[in-house]
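Quick setup: one chain, the form predicted alone, written in structure tokens, and binding and motion questions come after.
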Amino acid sequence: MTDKPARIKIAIQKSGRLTEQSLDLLQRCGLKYTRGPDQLIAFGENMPVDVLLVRDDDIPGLVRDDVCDLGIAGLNIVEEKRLHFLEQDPVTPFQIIRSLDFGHCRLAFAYPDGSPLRTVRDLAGKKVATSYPSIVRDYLQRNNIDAGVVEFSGAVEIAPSLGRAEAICDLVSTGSTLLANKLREGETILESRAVILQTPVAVPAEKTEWINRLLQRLEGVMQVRESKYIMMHAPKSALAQIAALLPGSEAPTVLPLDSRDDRVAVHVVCRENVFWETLEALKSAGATSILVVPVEKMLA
């Protein structure tokens, strides 16, 4: 009887702004899974990978305790838990091995409209309400600001109107919530996005091989999110100018055109957004028959 391969466990947010994008990312990496409507574990069918759907603030602890090999969470949650864990134990609780291209937001101070508070320096002797007490305390201590921190588990923006604090520090995406609560955004102390965590415990070689394969595929998925494949005809004399116009590209592939000695076909992958202005500049340089198509998969 052969032993079953060790299965990799990945923790992701059960419900929230990162859930669908995390699942989509894993599917784009080739993972096929089964999951019932109320099941909190998605079992990989074609890879030894299971996905646990849990509360987002439980993810760092599950990775730290080696219950899960990997986790996908927002850097805001990860940094809050990291600082909290380090207060208990100086050993690094987990490794951040990749930043991802979704879940962007920022942790920022905000002050009530009409308040004399303008910057964090004005917070001396005041109170700040936040759902991220460890991050805020750390920031205040590193900047020698003697302010109190009041922990709120939610609806942080109403703390000043309740008289609980003179300012807040909360996640900001569009800023509309601050405006609705008559708050003025101040200093950003953390730019957050989704990240991948890995357990600090040594991973067996069998699991490491699959983790590396997943990370390689993930890198390919991230590269093609905004990548485009561009094909065009161009004058030989304008190749240097055209290459300089292509954003984030490697050296283009140049192919001869039948019965044309002065023009060639140019194919290139651009790893940045290709805007209309770029296409217009290529046309001005002499390019014709310009075709831009999305890239589905790419392995460097």
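Small disclaimer: the values here were computed from a predicted structure and weren't measured. Residue numbers here begin at 1 and follow the sequence given.
Here the subject shifts to the form predicted together with a small molecule, a form of this protein not shown in this document.
Shown alone, this chain has one stretch from 157-165, 201-209, 92-100, 70-78 that lies within 4.5 Å of the small molecule in the predicted bound form by heavy atoms: 70-78. At the 4.5 Å threshold, heavy atoms of residue 192 reach the small molecule in the predicted bound form. Looking at residue 283, you'd find every heavy atom of it more than 4.5 angstroms from the small molecule in the predicted bound form.
Within 4.5 Å of some heavy atom of the small molecule in the predicted bound form lies at least one heavy atom of residue 13.
Within this chain, residue 216 is remote from the site of the small molecule in the predicted bound form, having no heavy atom within 4.5 Å. Between the small molecule and the residues 55, 28, 260, 233, the one pair within 4.5 Å by heavy atoms in the predicted bound form involves 55.
Among the residues 225, 104, 84, 184, the one placing a heavy atom within 4.5 Å of the small molecule in the predicted bound form is 104.
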